[in-house]
Structure formats: structure tokens, C-alpha cells
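This document opens with one chain alone, in C-alpha cells, the form predicted alone.
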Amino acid sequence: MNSSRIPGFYNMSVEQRRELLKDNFHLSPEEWNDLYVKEPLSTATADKMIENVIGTFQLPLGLGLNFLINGKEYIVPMAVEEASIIASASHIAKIVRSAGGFQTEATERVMIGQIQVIGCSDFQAAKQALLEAKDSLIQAANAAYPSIVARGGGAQDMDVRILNEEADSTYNQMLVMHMYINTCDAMGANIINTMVESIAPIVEEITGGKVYLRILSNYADECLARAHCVIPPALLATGEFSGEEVRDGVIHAFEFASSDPYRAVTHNKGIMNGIDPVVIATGNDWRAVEAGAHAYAARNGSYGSMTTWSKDEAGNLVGEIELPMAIGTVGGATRVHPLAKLSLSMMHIESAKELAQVIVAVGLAQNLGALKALATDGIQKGHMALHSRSVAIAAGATGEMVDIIAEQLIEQKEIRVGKAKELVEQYTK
């Protein structure tokens, strides 16, 4: 793939951007046609995807640029409505590529299926009986979904826990069995649910209890992706702020989020500002990713930052992120929604592990973009400048008037709908 560094992309028209991508990123004419059709997701297709369809709902689809991850160039499709997110991610990616790019890795694609058992006469004995039957239970689970086994995945291990073990009433106690399943390049919800449902009768027979829930867990802490970057302070210098000042400001902002859940929620929302748009663009379940990420941020008993920022011995800023990443590149909307297929093609993604690594790199970049802004000019300066176009449109501006009104709002430092309406009225007189 050609370089993700595309100077001036922001200033091109939409048509010019499309032509540049068409000429340089080697996708088929059929794939590019999906960017031009009035309704990329047809109502007929949507009606087969969910219930009670009345139409489709579109989000802007943009590109995060400048990403260099493990030495590979990526242009990253991002579906999002909020101004400044893509600009911020691209800006930080440009800085990080000058420092060698992001380094990432991912664990194997192991997801968890849970089986809840109630009413055992002896929970300890039931737990031990399940553990002794582990091999046969794994074999039975794999027999329920042989196609995933044929692809190199399937159930690999299991564990058993007793919840509420100290409760006074046995009614409150329950046994929970975890089946660990390699879902390969699928997110795996249907695979996992099929497997655990199929072995529920066997679990009841072994334990003497009653199985209630048998379903996947979206807390995919066995399916992790990590990103890392090291940035010399000289690359962080901004306006009147030295690189060292910016570096220290970022670290202090991280320490705030690490110490205070009120700050951590907003801090982590900024990380998900980068992650969710990529998950959505590729047709993945952003609610599952969100839930797992926030749970992982509280894994040590209190809710904290999803990232860490520190200074190494050479004075460089070091950023790290590790999150569960329950995503896939096959199955679900990833191969049904035309623009999800196009998004995966544009990135030349070869596996779900690779996609997970790209996603966490974007999250790390988004976080640094927000912290860098907070440590220097404040978050509003850049955000509101980009937001001005949305304000102009909300005030009734159309066509070339949008940019004219937006520029006037910025110049007058009054980026609000009321002021925009005044300017629109003056322009149209």
C-alpha cells in the first residue's frame, strides 16, 4: 500500500479525495462504487439485518491518516459524527510516525462462554466433577461447531468458579463454568453461544444442578490487544510550550485520570472516540468493545485510565494501552455491510488480530491528542474551530456559505448557533 501520509488531504474536495484513493490504493471498481451510491446499505439488505426496518441511518465516513503500525502503512476508516476526532488522531499519528510509529501486539483470539448452574447439593463436589470431565466437555463443545475446529480454533480449555460461596442460603450460591474458545477471525458470539448451549445438558447431568444462563461473556480478557509508542519531547513542542512541558502535562493528565474516576470516565471516553469509529466502520459490535474496555479499566478494583503515560530514562514520552478487543473480520455485518467490507479492504487487513492492533493504536493516538490539547491550549480551541461548520449548517447555511459562515464564527470567536443565524441572515440579504 502507498504511504498513509497524504499532505493536503484535508483541503481537497470529497471528489478529489475519492479519486486519489481510487488511483493509489488498488481497490476494485465495485468496492469504490459503494462510496458513490446514494444508499450504500440498501433498505432491502437492512431489512434482513435487523427487525422493524424503516430505513437506514448514515454517519460521516472519514480517514485517519499517517498511521505507521509495526512498520506497515494504514489509512484507517472512521465512522463518526463528532468534529476534530479524525483530525486529532491523524495529527498524533503524524508525530508518532516521525518517532518510528506504533508498536503493537495481540494475544490469541480466545473468547469466553459462560454456563451458570444453580441448585447443586454440593457446589465443591460439582466443581470438582466438572474439572474432572474437562476433556470430554471440550470435546463435546467442539463437536457442536466442527467448522471452527477445522479452521484451527474451537474450545481449548475450561475453568469453574463458585460465586457467593460465603452466602447463608444455597439459593444465592451458583457455579459458573468458563469455556475458553478460539474464534479465529470471527468475533464469535454465535460460535460460543452454540457451544455452551450444546453442552448445558451434560453440565446438568454432571453437577446435579439446573443450568440457567449459557452465553458468551463480552469481558474478553483473554483476547487482548496492546499498542506502544515512544516520542522524543522535541516532536511534542506546541506554540509557546516546549516539548518537555507538553510531555509533563500529558503525564500529569494521565495521573489525574489514574487517580480519579470522575476524570477517568472522560479520559477513557476520549480513547473510545478513536476506537469506536473504527469498530463501527468495520461492521463490528462497538457496544461489546465499549463494555469490555470499561470493565478492563476497573479490573484492579477501581475504575482508572485505559492508557499509561510515563517518561523513560532518555526523557521520551512513553504511551501504552492494553484492552480486550472482541472484534472480527468475518461474519456479522463485516461481510454484509458494503462500507464495512470497503473499510477492511482499504486497510488491507489480513486477520482479526491485525485489526485489533490497529484499533488500539488509534485509541492511543486519540488519547494523546486530547491530553496534548488539554496540556497546552485547552480542548476547545481546535475542537470548536472544526465544530464551526456543523454550527453553520445548524443555522441554515448551505453550499459555499457553510465555510464562509464558519470562518466568520472563528474570526469573531463566537461559535454558537445564534451568532451563526445572524451571519446567515446578513449573507442572504
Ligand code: NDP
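Don't overthink the numbering: it's just position in the shown sequence, from 1. This is a predicted model, so every value here is computed, not measured.
This protein has a second form, the form predicted together with the ligand, left out of what is shown; the following refers to that one.
Checking 228-236, 131-139, 183-191, 255-263 against the ligand in the predicted bound form, the stretch whose residues place heavy atoms within 4.5 Å of it is 183-191. Checked against the ligand in the predicted bound form, the residues Gly304, Gly249, Gly332, Gly243 give one hit for a heavy atom within 4.5 Å, which is Gly332.
Scanning Val160, Ala288, Leu224, Ile202 against the ligand in the predicted bound form with a 4.5 Å heavy atom cut-off leaves one residue, Ala288. Proximity of Ile148 to the ligand in the predicted bound form falls within the 4.5 Å heavy atom cutoff. Among residues of the shown chain, Met177 is not one whose heavy atoms approach the ligand to within 4.5 Å in the predicted bound form. Residue contact check for Gln114: none of its heavy atoms lie within 4.5 Å of the ligand in the predicted bound form.
Remark: Ser84 does not count among the residues lining the ligand in the predicted bound form, judged by a heavy atom distance of 4.5 Å or less.
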